[in-house]
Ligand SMILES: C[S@@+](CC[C@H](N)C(=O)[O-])C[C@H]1O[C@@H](n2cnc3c(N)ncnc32)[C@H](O)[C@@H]1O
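Read the single chain below, which is given as structure tokens and is the form predicted on its own.
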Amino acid sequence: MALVYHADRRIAAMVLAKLKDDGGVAPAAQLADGFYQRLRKEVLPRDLDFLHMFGRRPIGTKGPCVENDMPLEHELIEIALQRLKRNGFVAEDAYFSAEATHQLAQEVGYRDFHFLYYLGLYAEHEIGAGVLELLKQKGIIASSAAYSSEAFERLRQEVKAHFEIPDTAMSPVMERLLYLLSSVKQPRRTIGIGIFCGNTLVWNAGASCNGGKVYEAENVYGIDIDAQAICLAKQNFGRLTDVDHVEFIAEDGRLAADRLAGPFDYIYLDADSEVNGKGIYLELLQRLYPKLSPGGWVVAHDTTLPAFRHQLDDYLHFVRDRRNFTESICLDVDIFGLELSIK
């Protein structure tokens, strides 16, 4: 089994307080016993994740849940409930409490969709510190290792000012975490596959670029099968400085993995396949594995999202096998999650 990092109870309590302030859960709501594992069974009309699946209230919207004054058609309720179950956000035997029109959830679990959303939004500093300490305790990085929060914030401001990002799954905590990992690893040669418009790559490569620069890298390869996405990534990075070592390639990641010469000491996976979805991670890694330096890191995004659970079973089994990697850590820090594997 992989080592799993969750936010501790102190951080969870802080996030729960924020949820209460925003009217997402009842003022007296408590964290459930065994809150890391359990999925809730009762779905209330005012639940943020239910309203999100119902299409009536995006997660993070401020203000009262006035949507509950609108009629909820039975057929649409069932569709929203099945979406919640299919995506792993509530238990398989969860039921809808139609009579509880004005109630808010009294019990909150770590894996509740709205809780993880708020965790990724509001606990980035605390989680970054926790992950850094864990890596030190495991001997993965030196006890003196650190990252520059100031450099990260400079990079974030430049990305916000200059990048065109049509869509993203990057939460604030994930941006910081990816920057932190690359900062303490300081890889010389990085390959990222499935980079879309560059918004994922910039956090992996940012410690060697522009305002976020804290070290010199030799090569960073950004690969995506979508030529238009690569064109946009080039434009986005073109607005930064110190990016001459970053090369963008519009190509099937499997072909690039075969073609590009190693060794690599940092691999970032965020690709998708029309055939097996996130299951392509394993094929990509197996092609790159002989080129991964001893002690090299593999960072895979979207590994805790319930919708991808079965697609990623084989990949997670491979990286958690001690014959292949000395350590693999599940970083369960937002809706999407991250798996860090050390060869």
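In this text the structure is predicted, and so the values were computed from the model without any measurement. Residue numbers here begin at 1 and follow the sequence given.
Just so it is clear, the following notes concern the form predicted together with this ligand, a form of the same protein that is not shown.
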property: Segment assignment from 238 to 246, 268 to 276, 213 to 221, 133 to 141: heavy atom within 4.5 Å of this ligand in the predicted bound form; result: 268 to 276
property: Contact assignment for this ligand in the predicted bound form, among Ala207, Ala233, Leu181, Ile193, heavy atom within 4.5 Å; result: Ile193
property: Heavy atom within 4.5 Å of this ligand in the predicted bound form - residue from Arg188, His162, Arg254, Arg156; result: Arg254
property: Heavy atom of Glu126 within 4.5 Å of this ligand in the predicted bound form; result: no
property: Contact flag, Ala169 vs this ligand in the predicted bound form, heavy atom cut 4.5 Å; result: yes
property: Ile280 within 4.5 Å of this ligand in the predicted bound form, heavy atoms; result: yes
property: Contact label in the predicted bound form: Val173 to this ligand, heavy atom within 4.5 Å; result: no
